[in-house]
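What follows is a single chain, given as structure tokens, in the form predicted on its own.
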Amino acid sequence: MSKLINLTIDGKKILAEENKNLMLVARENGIFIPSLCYYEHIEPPLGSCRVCTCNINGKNGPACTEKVSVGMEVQVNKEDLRDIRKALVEMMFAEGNHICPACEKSGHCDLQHMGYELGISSIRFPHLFKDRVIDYNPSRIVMEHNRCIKCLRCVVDVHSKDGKRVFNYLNRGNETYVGVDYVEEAKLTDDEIMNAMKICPTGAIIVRGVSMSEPFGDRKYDQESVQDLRHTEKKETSGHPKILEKKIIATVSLAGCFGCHMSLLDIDTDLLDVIELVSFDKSPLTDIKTFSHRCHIGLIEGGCCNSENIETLKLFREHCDILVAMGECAVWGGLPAMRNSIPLSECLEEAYLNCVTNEPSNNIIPYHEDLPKILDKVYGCNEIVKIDYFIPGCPPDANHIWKVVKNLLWGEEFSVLYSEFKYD
């Protein structure tokens, strides 16, 4: 039997088996340490993502590579440590093309899950929009290098029946990527190839002909947080606050699909209560074209893909006290930003010159002084003007939207449920 020793995590005295992995000890005692590369059966632990960074005996380091020892002192929930871990996950989102609504792994993605657990509604870093080659050469899988975070899980854990690695690191430094041994990949059984997709923390490894799609609510990371704190809701105020005047809201859809506006209306009969509390000024909901009043809050759907979008967004910033980016397109570009990894000239040529649906002899790129000028890429709203608050989702849950609005306008307390905080 293993020797029991004492250690301290966030001031809490803990009795644990000596030399047991710190991640496991924390989990067993209800302490959440986020991680992406850690897998219990992989030994030694990878320690590649650093998302589990904690302060261990006075020094910052990955918790997954530590074995507990007598008198060990660990700090997990310090503000600076939370910010470090959050920044690491944000950088992974910024460095790769992680477009959740278009990803086969959405709802089962560990990176997405860590974003939910850490409460990431927007990122502080600019998206790189790298144009990496997607490898369609393997016979059983598609290797989507745009989503790979180089965690090492597949490299270490996936082997053919001959004991040879199927995945390997190629190149060095910033040019490193995960390559596939096509010969060994073809030898994998159905169960082994499915394990390769599941062990990947993102949607980088996709098995051909296999769908992970499930209804919302039934996916792995839809309903319950791994953190106990997320299960406890704040007490919401009963009824609506007494107010002397209606608040004025403006809304707009820029480079988006109007899905967020549809979600905005998806509170059903609660709309009858809302119209007693607010009035809509410039909005597609009212068809009012120009601002007639200064607005307490502006809700922006969609990013900026042309000059008209920028002009409209600046008008909203000028006429609204609070500006909220609503939905993934407004937050960072979303689905329209899928073109950002391709030069604008190539996009226009493909759409208007090389498109097979064009009429014969009518292959021209539209240009007129009255048409808005297309920008070099799709921009998130925060890249153009100051955005005060962000509501992620594609589209955001209706309850999430209105909880935020009521909090900003009247200070009403709320908690966004784990099931409401989603990127897709």
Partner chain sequence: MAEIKTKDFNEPDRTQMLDRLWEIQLKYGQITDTDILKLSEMYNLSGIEVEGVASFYHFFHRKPTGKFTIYLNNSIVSQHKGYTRILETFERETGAVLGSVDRSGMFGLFSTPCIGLSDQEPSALINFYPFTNLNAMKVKDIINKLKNNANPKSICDSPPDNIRYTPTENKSVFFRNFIPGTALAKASEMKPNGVLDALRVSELAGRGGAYYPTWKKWIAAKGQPSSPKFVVCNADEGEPGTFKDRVLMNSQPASLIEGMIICGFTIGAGLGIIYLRGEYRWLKAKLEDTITEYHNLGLLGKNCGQIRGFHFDIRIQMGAGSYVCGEETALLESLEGKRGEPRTKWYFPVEKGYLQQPTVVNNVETFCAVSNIIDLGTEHYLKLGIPGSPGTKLISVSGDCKLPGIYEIEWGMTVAELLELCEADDPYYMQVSGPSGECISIKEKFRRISMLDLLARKDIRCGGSFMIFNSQRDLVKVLMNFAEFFKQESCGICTPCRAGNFIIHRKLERLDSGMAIDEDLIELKTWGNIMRAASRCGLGKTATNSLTIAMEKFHPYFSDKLDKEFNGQSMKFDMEAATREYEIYKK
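For the two forms, the rigid core is made up of the largest set of C-alpha atoms that agree within 1.5 Å on superposition. Remember, predicted model here, so these are calculated numbers, not experimental data. Residue numbers count along the first chain shown, from 1.
Below, we turn to the form predicted together with its partner chain, even though it does not appear here.
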Taking the shortest heavy atom distance, is Ile391 within 4.5 Å of its partner chain in the model of the complex? no
At the 4.5 Å heavy atom threshold, is Asn60 in contact with its partner chain in the model of the complex? yes
Although the partner isn't part of this model, could you tell me whether Val70 comes within 4.5 Å of its partner chain in the model of the complex, counting any heavy atom of the residue? no
When the contact criterion is heavy atoms within 4.5 Å, does Lys220 count as touching its partner chain in the model of the complex? no
Its partner chain in the model of the complex has a heavy atom of only one listed residue within 4.5 Å, and of His113, Lys247, His145, Arg317 that residue is Arg317
With the partner left out here, if you bring back its partner chain in the model of the complex, are Lys130, Lys164 and Asp181 all within 4.5 Å of it by some heavy atom? yes
Report the stretch among 197-205, 284-292, 146-154, 268-276 that approaches its partner chain in the model of the complex to within 4.5 Å, counting heavy atoms only. 146-154
Heavy atom within 4.5 Å of its partner chain in the model of the complex: which residues of 166-187 qualify? Val166, Phe167, Asn168, Tyr169, Leu170, Asn171, Arg172, Gly173, Asn174, Thr176, Gly179, Val180, Asp181, Glu184
Could you check whether the CA atom of Asn19 moves 2 Å or more between this form and the one not shown, using the rigid core for the fit? yes
Indicate whether Lys161 shows a C-alpha shift of 2 Å or more between this form and the one not shown, with the rigid core used for the fit. yes
How about Ile364 - superposed on the rigid core, does its CA move between this form and the one not shown by 2 Å or more? yes
